[in-house]
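Listed next as structure tokens is one chain, alone, in the form predicted on its own.
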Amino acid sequence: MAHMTTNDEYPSRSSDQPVIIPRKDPVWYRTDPPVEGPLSVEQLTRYDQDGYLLLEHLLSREEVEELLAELERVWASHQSSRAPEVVREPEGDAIRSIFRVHQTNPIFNRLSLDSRILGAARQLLGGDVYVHQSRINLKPGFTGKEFYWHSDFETWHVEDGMPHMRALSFSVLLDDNLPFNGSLMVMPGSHQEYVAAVGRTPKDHYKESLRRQAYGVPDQNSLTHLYRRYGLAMTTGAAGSVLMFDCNLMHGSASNITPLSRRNVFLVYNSVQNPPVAPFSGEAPRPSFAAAREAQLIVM
């Protein structure tokens, strides 16, 4: 895939003052004829408006049990691993995330090819897609730490060189995501505004940011503006449900101090028409386990 140069339409971390930039890209990339897939027009319209959509009970109990057993096996087998794709909590040595699971594990690879998920990504992004990032997120009972408010696109744009907002994430819920066990919070509609953060990106920032992000984090005044305009929603759902959300949706999650685990699989799809260019930070791109630099076309 050729990497063309492109203008920076969403500059961030380049000023000492935060700026909010209106979205310049579509959310739902409509085509003529439309890309066929599993989502109804009503679902596509709701996603376009809110920036997220919960597909309840998409997976069967048997599918959830298989995925959860594999997640537990992968988690156990990586306890002593020092591979860079194994990310640990900011305090202590507990595993926070394991990346690139769609490439290293046949069961998670099969999940990334599931037409119920992949087809929805193709519908919304207007055609062929590839996996930009995959990971399992482990938020065990009592000890699972928070993920602070952020827009994924801000990092993918600044640190990975993703030019446009033509990507989305799927969170496959393998535990019941409840209001009190660290479920994802979102600001519905906030995907229409881009918060340009302050602070220059340090070299090899990903080594710390995957554990706890310090740069690219929205400031409190911008978050307050988004809250007053869009409000908050808690994206709860039963195990087997799948949450899909836009790359620029403001979201975060609190620590899990309950006895109940919250274990999810994340799959990020980017349009093949939106290939990464040189990172807009001016730094070297993050490694491929965090952000695929070349599209490997997925065939359904």
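Just so you know, these numbers come straight off a predicted model, no measurement behind them. For every residue, the number given is its place in the sequence shown, counted from 1.
Missing here is the form predicted in complex with another copy of the chain; even so, the following discussion is about that form.
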Note to self: Using a 4.5 Å heavy atom cut-off, which residue among N105, Q192, T143, S97 comes into contact with another copy of the chain in the model of the complex?
What the structure shows: T143
Next item on the list: Heavy atom within 4.5 Å of another copy of the chain in the model of the complex: which of P179, P84, P90, G127 fits that? Just give me the one.
Entry: P179
Note to self: I'd like to know whether A69 contacts another copy of the chain in the model of the complex, with contact meaning heavy atoms within 4.5 angstroms.
What the structure shows: no
Check: Is there any non-hydrogen atom of L232 lying within 4.5 Å of another copy of the chain in the model of the complex?
Finding: yes
Check: So in the model of the complex, does T31 come within 4.5 Å of another copy of the chain, heavy atom to heavy atom?
Finding: no
Notebook entry, point to check: Closest heavy atom of L260 to another copy of the chain in the model of the complex, within 4.5 Å or not?
Noted result: yes
Margin query: Given the stretches 147-155, 164-172, 119-127, 70-78, which is the single one in contact with another copy of the chain in the model of the complex, using a heavy atom cutoff of 4.5 Å?
Written below: 147-155
Notebook entry, point to check: Is another copy of the chain in the model of the complex near all of L138, V242 and F266, within 4.5 Å of a heavy atom of each?
Noted result: no
Next item on the list: Can you tell me which bits of 223-262 touch another copy of the chain in the model of the complex, meaning any heavy atom within 4.5 Å?
Entry: L223, T224, Y227, L232, M234, G252, S253, A254, S255, I257, T258, P259, L260
